[in-house]
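What follows is one chain in structure tokens, specifically the form predicted alone.
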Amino acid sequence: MSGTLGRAAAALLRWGRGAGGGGLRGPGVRAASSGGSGSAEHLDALVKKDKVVVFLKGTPEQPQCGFSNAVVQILRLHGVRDYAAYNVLDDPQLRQGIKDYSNWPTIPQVYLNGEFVGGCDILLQMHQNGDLVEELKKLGIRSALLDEKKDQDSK
């Protein structure tokens, strides 16, 4: 991880721990059941079922690794409230299956509109360079950061 990405991830992780912990789950965040299958057909259905899908270690309200926590915090910063979250620690078949499906060796994994985006580092980079705002817009999701920027510009 580059120095800038590492510092930004560390800042996000510190911010997340101090943000009240229990309020991470928005009204639409679903800690969904994988159905216990890691087959390509089943995973294909899971990633296409919702606009935003995250496979992580733990749950959005209690991530079990720093990278999963960073992904949850980035989505939270953007005001993404309606997404499916699958805990790979609950299902070893799901954990290995999603790695095989995406041909990506690590967790967390983020999918937007059925397309694999990447993991923590890529989502963080997209957040930093503004690409995440644009990708969310394509899904019909307005980033909360646009409203924050507008508020700051009006001051």
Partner chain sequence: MLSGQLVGRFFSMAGRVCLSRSSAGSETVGPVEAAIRAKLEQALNPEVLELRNESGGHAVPPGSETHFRVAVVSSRFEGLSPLQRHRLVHAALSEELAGPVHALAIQARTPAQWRENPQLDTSPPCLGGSKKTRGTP
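Note that this is a predicted model, so its numbers are computed, not measured. Residue numbers count along the first chain shown, from 1.
Another form, the form predicted in complex with its partner chain, is not on view; read the next lines as being about it.
The closest non-hydrogen atom of residue 74 lies within 4.5 Å of its partner chain in the model of the complex.
Put simply, residue 139 is far from its partner chain in the model of the complex: not one heavy atom of it is within 4.5 Å. Residue contact check for residue 70: one or more of its heavy atoms lie within 4.5 Å of its partner chain in the model of the complex. Though the partner is left out of this view, residue 63 does reach within 4.5 Å of its partner chain in the model of the complex, counting heavy atoms only. For the marked spot (80, 93 and 113), a heavy atom within 4.5 Å of its partner chain in the model of the complex is absent from each of the three residues. Although its partner chain is not shown here, in the model of the complex the stretch 111-129 places heavy atoms of 116, 117, 118, 121, 122, 124, 125, 127, 128, 129 within 4.5 Å of it, in sequence order.
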